[in-house]
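One chain comes next, on its own, written as structure tokens: the form predicted on its own.
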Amino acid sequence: MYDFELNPFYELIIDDLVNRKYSVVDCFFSEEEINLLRANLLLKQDLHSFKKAAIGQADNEQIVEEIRGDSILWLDEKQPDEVERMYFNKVNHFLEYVNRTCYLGIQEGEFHYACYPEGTYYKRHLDVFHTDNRRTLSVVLYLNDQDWTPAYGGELALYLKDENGNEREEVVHALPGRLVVFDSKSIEHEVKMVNHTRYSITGWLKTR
């Protein structure tokens, strides 16, 4: 531990996660990096690589547009392109720091590009499955255009409970470059109606 150096920026995210189980940051990636990631997503979308997203797990997956309307493309960390390698390097650096300071035992991640066309949404849900609770932290990075405004919709609504069980709704606008990290096991959430095509990378940090 003698060579370990505290990262004040990471510590702010961890402090949020400890105290309120979610964190919202706007400078994890630079504007240039966000532009590269968005261009990469759009290129792969032009190649018709995206598929309609399903709900459920493995053999129980179903496409139900009344619940979820996005299309996705999974990222392969073993064979990333140059832009995706940059993304994985930054996320894994944070992951290593969190494991070293918080002892969460996170061993792997899974990530996909996501596109929500106008008129779509994702109804309220929890990110863990009944038969698999390895997802520990949910991670969303917005790749929308720089002129994105709250009027375009697609907000992330987090449903939070206080110590007395009272619930409140925390609304997070999908501003370009914004990163949201939250507890996969306890925070129900939804994507509100989208009024303008919404792009992101969504993923989960998982224990073995």
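Residue numbers here begin at 1 and follow the sequence given. As the structure is a computational prediction, the values presented were derived from the model and not from experiment.
Unshown form predicted together with a small molecule; subsequent notes refer to it.
Only one of R100, R85, H125, H93 has a non-hydrogen atom within 4.5 angstroms of the small molecule in the model of the complex; which is it?
Only one listed residue qualifies here, and that residue is H125.
Let me know the one among V140, L41, I34, L175 whose heavy atoms come within 4.5 Å of the small molecule in the model of the complex, would you?
Of the candidates V140, L41, I34, L175, V140 is the one lying within 4.5 Å of the small molecule in the model of the complex.
In the model of the complex, do L75, F111 and L205 all reach within 4.5 Å of the small molecule through at least one heavy atom apiece?
No residue of the spot touches the small molecule in the model of the complex.
Could you tell me if V181 has a non-hydrogen atom within 4.5 Å of the small molecule in the model of the complex?
Because no heavy atom of V181 falls inside 4.5 Å of the small molecule in the model of the complex, the answer is no.
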